[in-house]
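A lone chain, given as structure tokens: the form predicted on its own.
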């Protein structure tokens, strides 16, 4: 097995709601790892904490309280660093019966320490494709200037002409037509699909060890989505990319991921190989995973114009402190044997097969 590039342990990222006077547990004790050359897909509905987890890895959560605990181990050239090393010294938590009453944080000290840890990492070792490429690109700077600036910053190239030549090659690699001409275009003159290709070119131009793709197909029409997925598959094979893929689209996960982490209410509820989680003949899967897969319409259902099978209920706001399973209210598989336990105690993540983990009382 290949080495672990990234290992996240017990990551917690919270925000404070002034209107509700409570803490929002966006990412609540999340753990996962990514091996060199693999694609790990994190999937779940909007609001489950996927993007916040990705931004936490890159140290992009600056609003208080933000990240409050955990470890993020990054391994490169046989050296391992903790991207959250020492940050716990800048935060203190006061609790009562597991409920968080107060989080005190030295924001300036935290940010100073975080930026020193991320120096030479963000954009160089770990790059990110954001979910809205048009808003992620600077509308007042040409595409070529933005890519070449990244190349000069992370690759140590000083000559602008050389950086622009490299930028043109990356635009060609992501299959943009007339790449040498597109260097001088502004983002508003490009389509959404072309802007996404520019973002991919910029992210890969530093030749990172890990690429985080946050909803890379969101906001694009179906044909462009397919082309972006095919492009990522091709680039992965050519460059042996390691990718953390964030999406709510199960079809994208099926095409790109090797392993899957299913996220719900700030927690990972199932984690394992794609063939085990996505296989309809799998012995057991989490009820939420089953509900997500059932929500994908089949060709027969489309032809018969049947109604989509939506998951009843709403995604939890993660403010309420749940005693039991966070999926309890929406679960259709709970039975009389485990119903009481589901409501009163949250299940632990247990291994139900080699490398296959699940947080559900049905797993027993």
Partner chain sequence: MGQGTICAAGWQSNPPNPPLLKGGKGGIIDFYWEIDMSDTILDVINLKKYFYHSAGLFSFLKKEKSIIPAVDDVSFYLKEKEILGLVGESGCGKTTVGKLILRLIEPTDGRIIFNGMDMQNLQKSELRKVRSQMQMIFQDLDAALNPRMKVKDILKEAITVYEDLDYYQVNKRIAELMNQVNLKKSKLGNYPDELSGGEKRRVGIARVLAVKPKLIIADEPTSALDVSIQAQVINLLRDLQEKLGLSYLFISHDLRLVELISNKVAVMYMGRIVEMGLSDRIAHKPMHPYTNILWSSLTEGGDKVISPGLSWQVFDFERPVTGCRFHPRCEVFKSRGNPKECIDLQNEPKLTQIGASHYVACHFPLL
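Positions refer to the first chain, counted from 1. Note that the rigid core is defined as the largest set of C-alphas that superpose within 1.5 Å between two forms. Since the structure is predicted, the reported quantities are computational estimates derived from the model, not experimental observations.
If you look for the form predicted together with the partner chain, you will not find it shown, but the lines that follow are about it.
Stretch 220 to 228 is the answer when you ask which of 220 to 228, 80 to 88, 265 to 273, 235 to 243 has residues with heavy atoms within 4.5 Å of the partner chain in the predicted complex. For the options 254, 103, 284, 190, the one in contact with the partner chain in the predicted complex, meaning a heavy atom within 4.5 Å, is 254. When the partner chain is considered in the predicted complex, residue 332 lies well away from it, no heavy atom lying within 4.5 Å. With a 4.5 Å cutoff on heavy atoms, residue 337 does not count as touching the partner chain in the predicted complex; it lies far away. Contact check for residue 297: a heavy atom falls within 4.5 Å of the partner chain in the predicted complex. Contact annotation: residue 175 falls within 4.5 Å of the partner chain in the predicted complex, judged by heavy atom distances. Residues of 145 to 167 placing a heavy atom within 4.5 Å of the partner chain in the predicted complex: none.
Positional change of residue 354 between this form and the one not shown stays under 2 Å at the C-alpha, relative to the superposed core.
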